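Starting off, we have a lone chain in the form predicted alone, written out as structure tokens.
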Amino acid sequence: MPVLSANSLCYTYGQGTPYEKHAVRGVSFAVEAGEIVGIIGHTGSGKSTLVQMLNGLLRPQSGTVLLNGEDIFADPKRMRACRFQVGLVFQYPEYQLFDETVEKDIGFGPRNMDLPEDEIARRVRRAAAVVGLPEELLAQSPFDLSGGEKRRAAIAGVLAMEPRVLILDEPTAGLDPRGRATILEMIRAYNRQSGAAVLFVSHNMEDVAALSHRVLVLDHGTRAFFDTPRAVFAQSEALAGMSLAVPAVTRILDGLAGQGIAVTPGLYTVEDAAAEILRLRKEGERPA
């Protein structure tokens, strides 16, 4: 059974007014435990609206969201528990830090779960370790941290609730290459250690290529593709029609294909590209 599934989700802003906008239209997909799903789409394609429905912050106007096979909207009394199991990290989460110390900020979610203090302390230290925050920073004010440390502390606050599904909206936005690499490794580590499903929204195709087991592509609020990165990035012309790029490696290999070289379609990692170029050299491939 999928840990999380969306079934024919629809959401319209300003419904029945002159400003009506169909944000999500009939989107369905399912995510397995331990799976990492990248969500891509042009600006306004419905990505943020979709993930807020998956967490219960927005109620779909039609369709259902199932967590472990149960409709999260069926019983309002269970919604609070659902939000502990489906953790949502907004874009630029560091702006949501507020408490006196990093330790208290990370522990805010677990404390709202009415956990005993020793369990809260365990979760805070575990989450801090996963995101790479040294223990000596826990006693500091979160506002004294560097930009990258603030981002990691804010994410740790969601991880400390130990959600079965972790959703991140543009987790590497605004970070330098080193900061991006740190956040991506943190996501991998949490996924590997916890077995939780991870969904992340991104405009960075290299991040999507590096992390995802499958990729969900949204176009004007509808599901365009939901498949492996290789299958999705093989559709470079269709993606271009949606104002989406493919990873730089894929663009380079597509350029070779345009010169008549028999390149395997859909390759998207540096490692795959290197192996493909060695294969072409070995076979003496030349443009037609």
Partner chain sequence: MSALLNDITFGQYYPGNSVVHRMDPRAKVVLTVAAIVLIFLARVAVAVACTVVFTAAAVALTRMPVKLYLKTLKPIIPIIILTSVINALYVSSGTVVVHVWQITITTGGLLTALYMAVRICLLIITSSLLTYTTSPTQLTDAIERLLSPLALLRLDVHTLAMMMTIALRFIPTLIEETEKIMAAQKARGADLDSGGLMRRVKALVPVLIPLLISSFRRAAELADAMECRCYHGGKDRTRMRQLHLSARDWLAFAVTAAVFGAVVAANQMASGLLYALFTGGAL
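Only a predicted model underlies this, so the values are computations on that prediction, with no experimental measurement involved. Positions refer to the first chain, counted from 1.
Not pictured, yet referred to below: the form predicted in complex with its partner chain.
Undergrad: Decide whether Arg178 counts as a contact residue for its partner chain in the predicted bound form under a heavy atom distance cut-off of 4.5 Å.
TA: Output for Arg178 is no: heavy atoms all beyond 4.5 Å of its partner chain.
Undergrad: Although its partner chain is absent from this view, report whether Ser45 comes within 4.5 Å of it in the predicted bound form, heavy atoms only.
TA: Output for Ser45 is no: heavy atoms all beyond 4.5 Å of its partner chain.
Undergrad: Classify Leu97 as contacting or not contacting its partner chain in the predicted bound form by the rule of any non-hydrogen atom within 4.5 angstroms, answering yes or no.
TA: The answer is yes: Leu97 has a heavy atom within 4.5 Å of its partner chain.
Undergrad: Verify the contact flag for Asn55: yes if a non-hydrogen atom of it lies within 4.5 Å of a non-hydrogen atom of its partner chain in the predicted bound form, no if not.
TA: It does: once its partner chain is placed as it appears in the predicted bound form, Asn55 has a heavy atom within 4.5 Å of it.
Undergrad: Thinking of its partner chain in the predicted bound form, which stretch from 121-129, 207-215, 168-176, 97-105 has heavy atoms inside 4.5 Å of it?
TA: Only one stretch passes the 4.5 Å heavy-atom test: 97-105.
Undergrad: Between Leu138, Ala197, Val201, Leu88, only one gets a heavy atom within 4.5 angstroms of its partner chain in the predicted bound form; which residue is that?
TA: Going through each option in turn, the one that passes is Leu88.
Undergrad: If we check its partner chain in the predicted bound form, which of the residues in 228-253 reach within 4.5 angstroms of it by a non-hydrogen atom?
TA: The stretch does not touch the partner at all.
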